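Single chain ahead, by itself, as structure tokens, in the form predicted alone.
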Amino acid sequence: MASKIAQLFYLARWFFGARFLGKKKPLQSVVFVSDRCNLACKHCSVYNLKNPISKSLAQLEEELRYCYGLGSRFIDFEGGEPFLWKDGDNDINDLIRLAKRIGFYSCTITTNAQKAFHSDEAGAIWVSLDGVGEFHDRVRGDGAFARLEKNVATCGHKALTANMAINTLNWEAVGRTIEYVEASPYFKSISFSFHTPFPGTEHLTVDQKTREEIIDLIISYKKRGYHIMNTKVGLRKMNRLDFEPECWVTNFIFTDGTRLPQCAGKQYGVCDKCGFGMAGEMNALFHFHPETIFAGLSLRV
């Protein structure tokens, strides 16, 4: 793995090239390893319970080298459920070790925490937490919250972040969820996005007034010192959605092999209703907001 000094040098060079020279090459990649899952969440359009696809290690190695060649240095492995991925004796930890050998600075895993998981190899693990108790279960099914609590408590990872996607089923639980994560001995912080209305899930998108109220609530908690990953400026941008998106910073490779230079929201024509919190953060970064710069360095280096 590259030293922190080497990482900082690369990040500075990348930022200068992107901001001043117009070099639009990705810094991070989202690679879907499988659409096999152990849940059927109401907001999800990715899982495939009937004929799940699971990529081979060889295919994933080619995809990782492709992403690295584009300029990406950070990887997020997603699914389905990444901890279900296997190819022979290889599991997700072997995949992370491979990514590091290729040269990626760090790897993260996004999990629903429905089975016991452990990965000292991952730089961070993002746990999908869509509320506390019944609110989480409204989205992910009966018993999902209890299983999440059990597996989070036994995973032993020191860099767990909760990630809540706010929708019409759980928006009332935002404050309670912030307080739950803050009191937890296992989570370091929480991040927020809003449900983006991909086809078939439009009914889960909160209205604009509710969105504004929730963003004000999240900011009020952040001002009181709660550990919320979103920055205040990034949240305010997600309130208005009146900024130029910089979504090319992340490229995506889906389970069917489709490669997109940005989020699928552009393909589906829903960018004007975007809910992904990272969209606001990346725009803030490119406009030199110090809060966002420091938050990004804290997360990645």
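Since the structure is predicted, the reported quantities are computational estimates derived from the model, not experimental observations. Throughout, we count residues from 1 along the sequence that is shown.
Not on display, but discussed next: the form predicted in complex with a small molecule.
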Legend entry - Segment that reaches the small molecule in the predicted bound form - one of 92-100, 117-125, 223-231, 78-86, heavy atoms within 4.5 Å: 78-86
Inset, instruction - May I ask you to check whether Asn163 falls inside a 4.5 Å heavy atom distance of the small molecule in the predicted bound form? - result: yes
Legend entry - Distance check, Phe145 to the small molecule in the predicted bound form, heavy atom within 4.5 Å: no
Inset, instruction - Considering only heavy atoms, tell me if Phe104 and the small molecule come within 4.5 Å of each other in the predicted bound form. - result: no
Legend entry - Contact label in the predicted bound form: Asn151 to the small molecule, heavy atom within 4.5 Å: no
Legend entry - Contact residue in the predicted bound form, chosen from Cys271, Cys44, Ala264, Leu241 - any heavy atom within 4.5 Å of the small molecule: Cys44
Inset, instruction - With the small molecule left out of view, choose which of Phe276, Trp248, Phe254, Tyr68 has a non-hydrogen atom within 4.5 angstroms of it in the predicted bound form. - result: Phe276
